[in-house]
Each structure stands twice: as structure tokens, then as C-alpha cells.
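Only one chain is given next, in C-alpha cells, and it is the form predicted on its own.
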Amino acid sequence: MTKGTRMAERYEVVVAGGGVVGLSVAYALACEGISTAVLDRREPGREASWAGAGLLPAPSDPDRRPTHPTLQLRAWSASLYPEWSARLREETGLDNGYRRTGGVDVARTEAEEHALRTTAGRWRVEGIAHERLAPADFARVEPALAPGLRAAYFLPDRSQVRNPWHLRALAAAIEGRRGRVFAGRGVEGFATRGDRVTGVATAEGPIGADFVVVAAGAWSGGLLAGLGVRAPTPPVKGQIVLLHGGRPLLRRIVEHGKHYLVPREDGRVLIGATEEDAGFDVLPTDDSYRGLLDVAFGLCPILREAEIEATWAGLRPGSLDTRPYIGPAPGFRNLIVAAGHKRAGLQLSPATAELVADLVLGRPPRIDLASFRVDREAAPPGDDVFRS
């Protein structure tokens, strides 16, 4: 921690971290006319945001507002994605790959069927469109599904984006609105004066700011620790396999517990994902990707016809429980944390960004942030509402 000094380079907001959350925050602020700079130690978006499959949840009925704050965050993001995607394309000419492909959630065992039925009850409460399929209808919705599945639910509004395309569109839109996105220039520390952060330190020199947002994924906790702020963001390794069938082999997104198959229009299929406590190791392992293939082939045998094109891993940022951190850092008036989204960073990024914009502009947050406070009590086990 260093004492604040006058800095020649200055922005109203500096965002530490150029993943999907950091870029979304900067885009939301740029749309409000706020001068914003995004700093990333690597090429922006090349960590967990790049590694994911782009799976998005189905939107809720707008007249049935969920009571759970994380569900509210998810529902709001789902409703924002079509709007953001259209606006990004209009502003930049770039297609982020947003497609409403629909999805099928499946169960293979009696226990999985019971869990899926419970999940369907939540969909009903939230007003998420879904249909339990009769076995004779499995092939109507997704012909690639294996015979013998115990249950399948069709969600017609489930959608996806192409992560790299979305990240490029966000960065271009920020620059188009006179923001800055810096590659290879990470935040190394903070300048402070009393209960305010006055700027950040980088290898190329200091940058002043009225607000600083920490959205550095799994590295956020380490950055904040330098200020005495406790916000653990342990890395959760997730591995993915990319298949290429040469032709479309799946129509729909297929979800089975925490595994998913995400088809692209060009015949590729993403298979994910593992959850591993492996520190900051991002090397793919044979055992993990073979396990993913076993799941995929068991759900959709036709995928055996495809070739393995690539395997990779990313580090999702955990938190002290299953919820992200969104809100001011304890002890600082103008330091905001937007991190710890684990598997749901892409899903939750638009709503997270809008909430950060509320805080920067002094507006009442449109979702109660008490459940996302950095200094909250940990949520009870089993509070994870995501199946992506």
C-alpha cells in the first residue's frame, strides 16, 4: 500500500482485470459516459472467460421475480444478454455468437431424475419455460440423445454465446466509447489516502482514478490482500474438450448435472467441465479429458464419430461460498469488488456490471447486495443455484 500522489494518467474508473466481468463492467460504465480503463496482465479475456463454453441460462418470467438474490442476478443477466448482444453488434459490427438454441437437461439414474424433478420445480416457480419429454419425444427434440435415459426436460429458451467473440465485441465497444483496454499492463498495487483508493500502480507507471474495481478473477484475492481486505478467490480448475464432427451432430445444448455439451453451428461441440482444486495449474490432464469424453459418449453416442480438436483448462475464481463478491471493499469508500463468480462469470456478467455502475454513479443498487458483501457470513452448503 502506498500513499496517494498526484498522477498524470487518470480515469474516472480503473478496472483491474480484463475477463468477461471486468470488460462488462467497463462497457456498462462507458455506456453511462464514464471514462474507464481496463488493465490486464495478459491479453484481456484469455483466462477463465476464454476457456468457458458460453452456456447461458434461460430467462425467467419477468412477472415472477425470484426471491433468492443469486437467482435475481442470474435472471437479470439472462434478460440483458439479447439486448447487450444486439447493441454490441450495432456498435461494433461484431457478432458475439448469441444464439437461442434451446437445451435439454437429462438424468440417467433414479437419483438424478429426482434431483432434476426438484430443479424443474424451481423453473416452474421462476416461470422458466420447460417441458418434461416423454421417452418417445426425446429424438424429436434432440436426435443424438442415447436411448435409455430416465428423464429429459426441454428448455426452449436456453442460449449461448461464443466466448472469444463476446470478449472481442466488449473490448471494441469500450474503445468505441472512448474507454481504454490495456493488454500486458496489470495492476500491481494501489495508492491510498485514508479510506479512499486514489489510483493503481503498474509497471509502466501509476494511474489515478476516482473509483477502482477489482475484477481480476482468481487473482483478485491476492490483489486485495495487499490492502488488508480478505476476499479469498481460490482457483477452481475446469477442463474442456473440443470435438469437431465436420457437420452438426447436436441440435441442442445438453446438460447432465455439472457436465454439458454445447454445439456450435460449424459442427464443433464443447464438452465440459471438471472442477478441480489444483492451484494455478492450467495444464490439461489425460484422465480428466477422457472422463469428459466418457460422459459425452454416454449421453450422445454419435459424438464418437467426431475428432478431438483441442483440450484446455481455465481457472475459475471461487469465493468463500458459492456466491460472488459484488460491492465495496470493507474500509474503502471507492474500491469495488466484482469477483468470485466461479462457474457463472459469463452468466452473471451483465447484471454484475450494471450493479457496479449503480455503485459508481451513486444509485440504489437494483438488487440487494447484502448476500454478495465481501465481509458477509458464508452461505450454507448447498446454496449453489447453478448447473452450468
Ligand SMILES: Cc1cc2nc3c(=O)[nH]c(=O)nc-3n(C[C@H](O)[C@H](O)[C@H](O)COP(=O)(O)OP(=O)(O)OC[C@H]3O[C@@H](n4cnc5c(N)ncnc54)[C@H](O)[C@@H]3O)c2cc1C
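None of the values given here were measured: they were computed from a predicted structure. Residues carry their position along the shown sequence, with the first being 1.
The protein also exists as the form predicted together with the named molecule; that form is not presented, and the subsequent description refers to it.
Interface membership of A353, the named molecule in the model of the complex, 4.5 Å heavy atom rule: A353: no, not in contact with the named molecule in the model of the complex.
L223 within 4.5 Å of the named molecule in the model of the complex, heavy atoms: Yes, L223 lies within 4.5 Å of the named molecule in the model of the complex.
Residue contact check: S49 to the named molecule in the model of the complex, 4.5 Å heavy atom: Because a heavy atom of S49 falls inside 4.5 Å of the named molecule in the model of the complex, the answer is yes.
Partner contact for S319 in the model of the complex: the named molecule, 4.5 angstroms, heavy atom: It does not: once the named molecule is placed as it appears in the model of the complex, S319 has no heavy atom within 4.5 Å of it.
Interface stretch in the model of the complex with the named molecule - options 124 to 132, 235 to 243, 144 to 152, 110 to 118, non-hydrogen atom within 4.5 Å: Result for this chain: 235 to 243.
Contact assignment for the named molecule in the model of the complex, among V187, L227, A231, L249, heavy atom within 4.5 Å: None of the others qualify; the residue that does is V187.
Contact at L39, R42 and A216 by the named molecule in the model of the complex, all three, heavy atom at most 4.5 Å: Yes: L39, R42 and A216 each sit within 4.5 Å of the named molecule in the model of the complex.
Within 333 to 347, the residues that have a heavy atom no more than 4.5 Å from the named molecule in the model of the complex: The stretch 333 to 347, when checked against the named molecule in the model of the complex, contributes H341, K342, R343, A344, G345, L346, Q347 at the 4.5 Å heavy-atom cut-off.
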